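One chain comes next, on its own, written as structure tokens: the form predicted on its own.
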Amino acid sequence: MKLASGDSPEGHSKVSLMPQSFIDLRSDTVTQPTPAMREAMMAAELGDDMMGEDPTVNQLEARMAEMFGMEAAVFACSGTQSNQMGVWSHCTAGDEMLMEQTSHVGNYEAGAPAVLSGVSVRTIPGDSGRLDLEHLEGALREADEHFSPTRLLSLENSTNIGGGRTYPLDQLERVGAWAHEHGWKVHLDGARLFNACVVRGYTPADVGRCVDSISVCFSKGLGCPMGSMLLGSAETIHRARRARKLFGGALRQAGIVAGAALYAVDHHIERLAEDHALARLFAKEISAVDGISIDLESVETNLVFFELAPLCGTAHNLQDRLYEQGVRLYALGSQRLRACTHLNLERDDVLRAVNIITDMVSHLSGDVDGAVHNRYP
């Protein structure tokens, strides 16, 4: 087992609870709490959150609302839950929400807007998961009984399947102002928003001024075992609390996980830059591999997307073969793959993964070349 490599100046230990031969690049959701985070969890004061009596949850909600410049906040179990609490709070059945075509809310939340809120989803193409005015202006519809009225614009920062890209602040300001001019509310899926803040140098409050609600996750790059937060106006969060109850997300002694989030906010935000550096290292090294193509300029955060040449087989085949060699990552489509760096990975893990990927892609390329030569002597 790989144990702590020592405490950082911020007081957290970088720990991997994975076997030494196992490198998990699938997602930052696989992270394990550090020893210091576990101590914070065990020391947290507890109460009944549904009754408003968990002091640690109350502290976390107040802290996050202040950080984002929002009136209120509510703790949730997951990013999907907090996103859907936002949808329910802004819309009524029969409304429409608009989003970029790769958005997590529209593709990876099990049809929840329709199931939970009766809201239809319309997706439009953007730029690496991001929307700007040139994408949105063509999506405007006249008031007509044939159409669901558009009530909500959902953005994602940083993007996930869109490529791990971040919004410049002026673009967020521009898009938010445009949506408000047309009478729409704006929700931000900020599952990895802290990654964007670290990359771009803006603050959570800068982002909060552009939108009506924000969902942020603690269980990804910040390394918590679970938890998310929805932020917005007092009225929005009042409605969101009802949605949380309705969706089965009422919490009791939730301070044990809120304590982890408080610790993460204090110690794990700035260290996201380490994950970004590892992602750039991974991307640079695999860019030299014959059979792999990657846009190095697109690697901003901890997500790395790359393409496998068809001559080397399919992405799913490579994913399965790498799994056998102790490296896990995700195949997304026939040739596209994603790797994600996180708290429980170190430089040596990334370089070892690169070596295994290099050998495997070379082997797969040789297999294909051999098959071609045998077929056409």
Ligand SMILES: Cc1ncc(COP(=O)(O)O)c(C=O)c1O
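From a predicted model like this one, the values you see are computed outputs, not experimental measurements. One-based numbering along the sequence shown.
As for the form predicted in complex with the ligand, it is not shown, yet the points below apply to it.
- The ligand in the model of the complex is not approached by S154, whose heavy atoms all lie more than 4.5 angstroms from it.
- Although the partner is absent from this view, G129 stays clear of the ligand in the model of the complex, with no non-hydrogen atom inside 4.5 angstroms.
- Contact annotation for H268: none of its heavy atoms lies within 4.5 Å of the ligand in the model of the complex.
- By the criterion of a heavy atom within 4.5 Å, E96 is excluded from the residues contacting the ligand in the model of the complex.
- Proximity to the ligand in the model of the complex, taken as heavy atoms within 4.5 Å, picks out 187 to 195 from the listed stretches 135 to 143, 238 to 246, 187 to 195, 271 to 279.
- Proximity to the ligand in the model of the complex, defined as a heavy atom within 4.5 Å, singles out one entry of N160, T301, S89, S117, which is N160.
- The single contact residue among G79, G223, G259, P113, judged by any heavy atom lying within 4.5 Å of the ligand in the model of the complex, is G79.
- Residues C217, S219, K220 are the ones in 210 to 236 with at least one heavy atom within 4.5 Å of the ligand in the model of the complex, listed in sequence order.
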